[in-house]
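Take a look at this single chain in structure tokens; it is the form predicted alone.
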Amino acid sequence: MPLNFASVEKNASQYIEQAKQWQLESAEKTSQLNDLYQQACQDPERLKQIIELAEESLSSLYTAKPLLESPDSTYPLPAMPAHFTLLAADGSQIVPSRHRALQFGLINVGLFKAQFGSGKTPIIDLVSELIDFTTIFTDDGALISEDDVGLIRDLRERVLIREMITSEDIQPVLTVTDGPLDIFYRSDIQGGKGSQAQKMVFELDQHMQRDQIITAGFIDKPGSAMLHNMLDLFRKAQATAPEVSNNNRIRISDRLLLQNKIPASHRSALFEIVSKRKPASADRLRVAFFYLNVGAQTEQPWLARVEIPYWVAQSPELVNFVHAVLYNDAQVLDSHPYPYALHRAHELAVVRQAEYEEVENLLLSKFEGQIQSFSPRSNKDYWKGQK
């Protein structure tokens, strides 16, 4: 029996009451933030100045900043282009474990390319790479973490998707990955490793911009509260700002704040991501974003965050292209809209437990009887693997 449901039942009622109270407080705070949002949107330039002042004065900051569009505006679905190329990459990983007979890490990246208007069958590819043995250990000899492996995977996705682009691809070209474009969100990655990765992402984007290749990051059911943070800054700077509950445990996500403001197939206004942390890096990707209601019906909104490089956000034509392509691609999976290209890339990349075992056995077989230099699989892991 995997769970003692009688034991769970003992505190289930208390849990539900706590969850209901949380929902009530969240609803109240959302209503207060809506009032504050309406006031802030009345003077977008003033709001932008408040954010820029915070950028100059605060050492740490994670917020949204309005660009040229009014923050409360929405934009309908543009016309779908007849000819373009869409590439998607998604990955999975094996994280080194001290419980296994052999410590190893692996990344698996699925790639999907469709050339719309060409009549050609989509191209798929799968790249499986062992992480270099010397890389799976930190400077103090510990095994790298899941975040470390995730960083390696993120970077390989960006490189591999760039390498899949050819001169024969139909223009324009849009590449999309799952998750944020920047790697700032991987908060556990500190120091030189994080800075080096950010520089690499920045340099890749410079090449993309030179070749006019558009990149996007798609975040399904986003939980970030950048608009909440923006409104906090506005409230502190405005004496007449509406009161907001001071319960800081409750952060209202952008998705919850905007879900009834963006009609089906529409996008929100564009914002820039302001993510500041010491030490600051000059070689840092500048990112903008908008929220996209990929739901087909207004009464059932489903908001995703779409991140694009800042240079793409400066072109209404390119923004319209990203909007149209990602919305329409998400409608292929109509019951639960999500970009089909990303879904296919993910299907390719998933590493199953049986494959984990096969890779380990393959590596162990290469030692030709010399495996005694490695520790055996832990007894704990052995018994966990028994059915």
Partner chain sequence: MTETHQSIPIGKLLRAENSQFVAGCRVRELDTPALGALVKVRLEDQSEIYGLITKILINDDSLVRQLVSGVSIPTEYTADNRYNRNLPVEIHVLTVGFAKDGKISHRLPPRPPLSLDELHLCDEAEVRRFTAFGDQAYIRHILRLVDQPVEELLAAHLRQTKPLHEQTGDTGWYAQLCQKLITLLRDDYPRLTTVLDVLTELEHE
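Residue numbers count along the first chain shown, from 1. Computed from a predicted structure; not experimentally measured.
Missing here is the form predicted together with its partner chain; even so, the following discussion is about that form.
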The listed residue (K29, H323, K65, H343) that reaches within 4.5 Å of its partner chain in the predicted bound form by any heavy atom is H343
Partner-free chain; cross-checking its partner chain in the predicted bound form, the single residue of F116, F202, Y310, F137 with a heavy atom within 4.5 Å is F116
query: Does the trio K120, I124 and L333 actually contact its partner chain in the predicted bound form, every residue with a heavy atom within 4.5 Å?
result: yes
Which of 357-365, 325-333, 31-39, 55-63 lies within 4.5 Å of its partner chain in the predicted bound form, heavy atoms considered? The stretch 325-333
So in the predicted bound form, is its partner chain close enough to L86 to count as touching (4.5 Å, heavy atoms)? yes
Query raised in the report: Can F112 be called a contact residue for its partner chain in the predicted bound form at 4.5 Å between heavy atoms?
Result: yes
Going by a heavy atom distance of 4.5 Å, is E347 a contact of its partner chain in the predicted bound form?
yes
